[in-house]
Structures are given as C-alpha cells and as structure tokens.
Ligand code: PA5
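The chain below stands alone and is given as structure tokens, in the form predicted alone.
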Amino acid sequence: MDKVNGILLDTSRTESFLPPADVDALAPRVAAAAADLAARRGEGSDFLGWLDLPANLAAADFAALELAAAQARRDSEACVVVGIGGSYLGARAVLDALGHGRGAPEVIFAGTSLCASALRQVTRRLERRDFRLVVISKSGTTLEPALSFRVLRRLLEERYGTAAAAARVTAITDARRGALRELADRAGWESWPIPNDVGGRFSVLTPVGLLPLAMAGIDIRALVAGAADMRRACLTDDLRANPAHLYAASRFGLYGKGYQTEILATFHTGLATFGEWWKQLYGESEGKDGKGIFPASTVYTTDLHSLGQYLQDGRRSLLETFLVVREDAPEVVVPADPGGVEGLDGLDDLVGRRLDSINVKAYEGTRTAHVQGGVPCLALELDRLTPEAVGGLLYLFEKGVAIGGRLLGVNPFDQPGVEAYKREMFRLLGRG
C-alpha cells in the first residue's frame, strides 16, 4: 500500500491471527458496501454528505470562514466553543494535535458536561480577557451546551452590554429550524448552517469544526486538502490499496474471531483527544443491536505503566491499532548529564539521540511484545503530524466506520441508544 500524505496502514502484525486470505475474502462485501454508499443506498443514506465533502468545499467557503476567523483574532483573546459530542470533539482533536497558530485567540471548550466545577474554571479563564462565544447545536436544546451557553451569554452581556455582546456570538446550527436558529435570528447573531446530510460525529469538516479551527489559526485549507487526498485513495475497489477499506475489513475479520475490544494506542500526547473523537465515531456508529467492537484508547508510553500489564497478559479479546508519528520534534535530543556526574542514570549511551526516535523504538518494542502476548496489532504510521496528515486520518476513519457498519449489518449513521439516558434524566428532573 502506498502512503497517503505520509500515512501508512500496516496490517502485517495481524496475519498470525487473521490469515491474509480471510481478509481478501471480504473484498466483495467491502466493495458492495462502498458501492451502496456511493449510490446513496441503504439505511442512513440521507446522512452521507460527509462522503464527498472534502472535494465539494469551494474557495469561497474557505474565504468566508477565514474572514470570520480574522474578526475573532482582532477582537478576542479567547473564543469559547460551546457544544458536546460531535459539536466539539472533532475540532478539539485537530486543535490538540496541531496546536494554536501564532497570534490566534485561545480556543476553550465548554458545554461538554454538567460539571459545575468545569464551567467555573472556564469563567475564571475569561477574567480580564476579551472573548467571544461560538455555540454549536443542531437543535439548541441539548441540555449540557444549552445550560453552559446561558451562563456564558450572561457573562458576555454583563461584560459588553446586550448590543455589543450580540456581535460576539456565533451560532452554528440548523439552517431553518430549531431553538438555536430562532435565537440567532432574533438576536441577530452571526450564524453558519450545519448541513442536513451530515451527522454530528462526521461534521468536523463543516463549519462545526472548520470555523473554530480557523479561529485558532489552523490551516483549514491544508486540513481539507489532506482529507480530499485520502478520499481519492479510498475510491479504489482494490482492497489492499484502499486504507479505509482495508482497516474496516481487518477489524471486522478480527471481530469475527472474538476480538471485541479495540484499543487506539498513540505514542503522541497531542493525539490523546483524537482518541476521544475516534471513540465517539466508532462507538455511536457500530454499537447497536448487540453488535460492535468496543472502542477504547490509551496514550503510550504513559499507559504502559498503568494498563500495560493487562494489555500484555489480560483477557485475549483485545485488538490494538497504533497511531504513531515517526518524526515529531527532531530538535529535542538527549543531552549530556547537566550535573557533571556522568553515567549514574545509565543513559549515556543515548546522548545525542532524538527523543522522537527513541519514542518510535518504544512503539516498535511495544508492538512486538503485544503481538507475542496474543494481541493482533494494526498500525497507522505518520511520517509527521501535519494538517494534511490529520485531515487524511479524519477521512480514513470516517470511511472506515461507514464500511464497518455495513459489514456488521447496522446503520452507522444513527444513535438511538443515546436518547435512553436523556429520558431517565428528564424524568428525574420532572421534565419528562
């Protein structure tokens, strides 16, 4: 398989658990699933706008987003993004991976829980700082962001007055209906539409993700270009040349052999939140009708000192997908002992070595140990962590879960189980 934007999918460490012939035998089913998606057939076909989105965004779309972001950089030191689930996870995953651009306002996330302490910490971070709000919700009635938005909007109006505060609110919501759409129209807030054919967990390449990322100084054109490159690579029916299809087929084949929990393991701390985005994408898409691989994530080498024992010797129902950056910060090297007492820590043989190269050796050693311990291991290896590479990963996982859901026989684009906790919570609050 060729690299796409420096991304390579390595399935070689699954072959002792899942013979290559078993994967290749799935090729007709994978191709049929892809054909259904392309033709907009099957359950959830009205939520496939993400499929061609990277190729459909026009220069005018980017220009409008960048213009709005430039205004935020002029008038704000912080931008609070209020949303939950797919309304924030994609943007946060990309931002944590790539970091804020120079001179950009700090992007802070709120409305992600009902924790009062978390919201109080957000308000404290806004003291003596100019800020604006970006509220993201299809309906405007989701409890967690709606409550946080009330608190933060009151703070904004107390700080700037009603009229000036209105110029500091951006709503990303349904184009025509819903409580947030009505609020935005009444108050005259800047607003951006959420496409009707793109579900929340697939929405990172819509204004839901792109506007906050542009405000943070991320190169959104490069991000989308990377997704477009991956989209093109994932059009082929050659299973072994298609990263998303091969990933879906490999994990489905392993699922059929009893591997029911997948660990997304990264050796880059900036990709920890990417694991949270991936967990929502795969958990909400596949976990239905008593089916699906349970998604979990770890950050190595940190978690090797906590979960490492279980991963090496625990129940053998785990498969592992490594997410690895081969070159991260080449300027960070192991120095000579600054205290002048050489050799006591036993590290003199590493002097002059790049820390990221040592991290890669940790990955290679961990993968070998886990395979020997009975864990099949996939790997997504990135040459470097760039906007193009991150955009490619986003699309690879989105296409992969769409194919995986079809293989499982579930609708990967709905989430009926999410409503169960809400019904019980509302009943206890006397709202049901």
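From 1 onward, residues are counted along the sequence shown. Please read all numbers here as calculations on a predicted model, not as lab measurements.
There is another form of the same protein, the form predicted together with ligand PA5; it is not shown, and what comes next is about it.
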Exercise. Can you pick the one in 242, 148, 250, 137 that has a heavy atom within 4.5 Å of ligand PA5 in the predicted bound form?
Worked result: 137
Exercise. Within 4.5 Å of ligand PA5 in the predicted bound form, heavy atoms considered, which of 320, 328, 284, 229?
Worked result: 284
For this session: Tell me, yes or no, whether residue 301 is in contact with ligand PA5 in the predicted bound form, where a contact means a heavy atom of each within 4.5 Å.
Result: no
Exercise. Does at least one non-hydrogen atom of residue 280 fall within 4.5 angstroms of ligand PA5 in the predicted bound form?
Worked result: yes
Exercise. So, in the predicted bound form, is residue 415 in contact with ligand PA5 at a 4.5 angstroms heavy atom limit?
Worked result: yes
Exercise. Applying a 4.5 Å heavy atom distance criterion, does residue 217 contact ligand PA5 in the predicted bound form?
Worked result: no
Exercise. Using a 4.5 Å heavy atom cut-off, which stretch among 231-239, 330-338, 311-319, 196-204 contacts ligand PA5 in the predicted bound form?
Worked result: 196-204
Exercise. Listed by sequence position, which residues of 54-87 have a non-hydrogen atom within 4.5 angstroms of ligand PA5 in the predicted bound form?
Worked result: 84, 85, 86, 87
